[in-house]
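A lone chain, given as C-alpha cells: the form predicted alone.
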C-alpha cells in the first residue's frame, strides 16, 4: 500500500476528548452544560439511526440532549413552530433538524427558522452565505465538510495552492466543501453530472473529495500519484462473505486508489466518525457564544 491511511476514528476521538474536556471546564466554572435539540420528522430508519448516534455522543461528552419527533405528515406550521420554540429556549444551544425532510415540507423555510447562533449544522442561509464570501466567517460550518478539511489538515496535506477537485455538488457536502477549500487558497473544480471527462479532471487533483454517492466510481487510474483522497461516500456492495450479505464501500475504489494516492480515507472509519465529532464541536462553540 502506497497511500498513508487517514484514520477518521482516531482523529474524531481526539476531537471528542477535547470537547469533553472543555465541557468539564465550563461546568466546573458554574456554567450550564451545552444542550443540543434534535428534530426528526417521520420514521425513516436511516434518519432515526443518525439521530440516535448523535444523542449517544451527547451523553458520552456531557452534552444535554433534547429529542423531538414529529409524524411524517406534520405540517409546515407544526415543524416551524417547534423549531422556533427551541430557538427561544435558553437551555438549547444547538438545533439539528435531521435532513432530508418529507417532500411536502419546505426545507429552506424550516432551516431559516433556526436562530443563527444555534445553527450547529451550519445550513442556515446566512451561515452558508458567509462561508461563500471572502473575509467573512460563518458562525458554524457544516459538519461533514468541516470534518473533511480537518482530516486533511491533521494528515499534514498542504491545501494552500493545491488543485482540488470536489466530486458532487450537494448542499450538504459538495458545495460547502468547495467553499472551504477556496477559503484555504486551493484552486477548486466541482464535478457533477454535466461535467465532461470527469476522469480527466480528477487526474489533475492534488486533493480529491468524493461525495457523488456512486459505488466505487473513482478508479485507481483516475488518481494523480501522491494525491490526497477524502471519500465521503457510503454505499452498500453485495458481499456473500458478510453476515448481512453486503459491505460498506465508498465512492472511490479503495483497493485500486491506495496504490497510487499519497493519503486516503477508508470507508467505513474515515469521514463518518468526523461528522458527529464536528457536530459536538459546533455545539460546544454555540454554548460558548451564548454563555460567554
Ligand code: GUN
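Numbering follows the first chain given and starts at 1. What you are looking at is a predicted structure, and each value in this text was computed from that prediction instead of being measured.
The next section is about a form of this same protein that is not shown, the form predicted in complex with the ligand.
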Considering the ligand in the predicted bound form, find the one stretch among 163-171, 190-198, 118-126, 207-215 with heavy atoms no farther than 4.5 Å from it.
-> 118-126
Can any non-hydrogen atom of residue 54 be found within 4.5 angstroms of the ligand in the predicted bound form?
-> yes
May I ask you to check whether residue 98 falls inside a 4.5 Å heavy atom distance of the ligand in the predicted bound form?
-> yes
In the predicted bound form, does residue 93 have a heavy atom within 4.5 Å of the ligand?
-> no
Partner contacts for 144-159, taking the ligand in the predicted bound form and a 4.5 Å heavy atom cut-off = 144
